[in-house]
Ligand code: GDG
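Single chain ahead, by itself, as structure tokens, in the form predicted alone.
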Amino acid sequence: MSVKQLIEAPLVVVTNREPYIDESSDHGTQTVQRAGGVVSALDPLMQEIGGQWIAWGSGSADIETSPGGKRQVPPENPRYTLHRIILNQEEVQGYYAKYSNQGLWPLSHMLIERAQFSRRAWQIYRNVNQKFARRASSVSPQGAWIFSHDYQLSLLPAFVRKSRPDVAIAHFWHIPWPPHTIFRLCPQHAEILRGLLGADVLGFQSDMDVDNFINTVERALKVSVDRDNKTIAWQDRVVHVKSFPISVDFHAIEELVQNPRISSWVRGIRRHVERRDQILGISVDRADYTKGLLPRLDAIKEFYALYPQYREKVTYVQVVVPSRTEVAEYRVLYDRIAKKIQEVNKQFQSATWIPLITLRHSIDRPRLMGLFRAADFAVVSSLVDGMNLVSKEFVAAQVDKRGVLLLSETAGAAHELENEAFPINPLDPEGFANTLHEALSISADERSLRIARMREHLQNHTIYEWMADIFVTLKAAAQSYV
């Protein structure tokens, strides 16, 4: 059964990020479609079934293109309504930059010393969540299904539940949920738990996240939990807590990298690599301290030092996209990354070879997937990650079954791909370097077998199966109240 067939009520999606953004330029207003992740997966579904999508209107032309806060999308062939929540600068700082990204983000990734909370930012965060909730409540038809997302909107389920007890709510938490001893350091942890428990279904990336959440609720709120069935009794309702490992649109990526234009581009890259008897590595990350970029550069440096036979042979391309530049700590991190890259290149480069090629900007999706197809190996070395879809995108793009994947043991994707990927500890540079050497030493047949097994898994566990599983669970939860 398709995802569309599973949805038996009007659908309302609520996310921090919007699926379409309007930007002003010298040539007028340009509409840009967001790429990647859940936003790009939900957009085709919404185009097919219609409905309402509520998100922060962050584009420079979003206000002028959204009379009354509404925008019909896609612009060229409108199929559903985008409701934009317009935030002033104080709200952006308090809700997004400070409370969400300087508080909840590092704490959830168990980077305690980086977490900063302020009561002023909390109040703004709470008010913005109320803004989203009021819009969701006002535009949701009777008996609607609301599908809300992530740590920026943790209070929304309870706010909506209070005014609209008729709707069914699924909320998905995309990042890790830490143990109770860590999450309780959030000064407002009890309020956040109560906010999330307004949902009928709470989704997390892994069983560990589910167990951590249930433990946190039981200890912080002193409520009854059913560990066997993963449910929580809350305010005369039963909240279902389940792991739904998010994935990618496997078939769309496969089709994209086999497009004639991208295939030709990939062949050009491979001819260049093979003519010079090179090995091509790739990594793609936002410049975020959870991604382990600085430790990874230490490991790459160690690799060239321990295995000099790979100098002038292994070229490592890393895409490092600036992230959250409004936060000073992120700007400092980006500068440190740039200096470390210069250091490694200066030590090992020759007149005809540079070990690290760094692209400091995002790449359009077709070429990015093409790079994944062309690469001999990919590295994902997150310190902590809820899932990490880059690892799955690399596997999906590997239609030639050439590449090997080095994957952090602490990324959520490791639970699914650990048997065929090469596991790495991002804080063990020598071990990391040794594993990279091992990965590059296996036969072509073993590389092909490993990547084929990972591809088979992803072919059967796409983002559409992820959505279907959530909606099946929400349907059952909604019916239990009828």
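Numbering starts at 1 and follows the sequence shown. Predicted model, so just to flag it, every value in this text is computed and none were measured.
Form predicted in complex with the ligand: not shown, discussed below.
- In the predicted bound form, at least one heavy atom of residue 363 sits within 4.5 Å of a heavy atom of the ligand.
- Put simply, residue 386 is close to the ligand in the predicted bound form: some heavy atom of it is within 4.5 Å.
- Although the partner is absent here, residue 291 sits close enough that one of its heavy atoms falls within 4.5 Å of the ligand in the predicted bound form.
- Residue contact check for residue 311: none of its heavy atoms lie within 4.5 Å of the ligand in the predicted bound form.
- Here is the short version: of 167, 405, 175, 266, the single residue with a heavy atom within 4.5 Å of the ligand in the predicted bound form is 175.
- For the options 115, 321, 97, 256, the one in contact with the ligand in the predicted bound form, meaning a heavy atom within 4.5 Å, is 321.
- The stretch that touches the ligand in the predicted bound form, counting heavy atoms within 4.5 Å, is 313-321, out of 313-321, 226-234, 119-127, 337-345.
- The candidate spot formed by 205, 368 and 390 lies fully in contact with the ligand in the predicted bound form, as each residue has a heavy atom within 4.5 Å of it.
- Along 275-307, these residues reach a heavy atom to within 4.5 Å of the ligand in the predicted bound form: 284, 286, 291.
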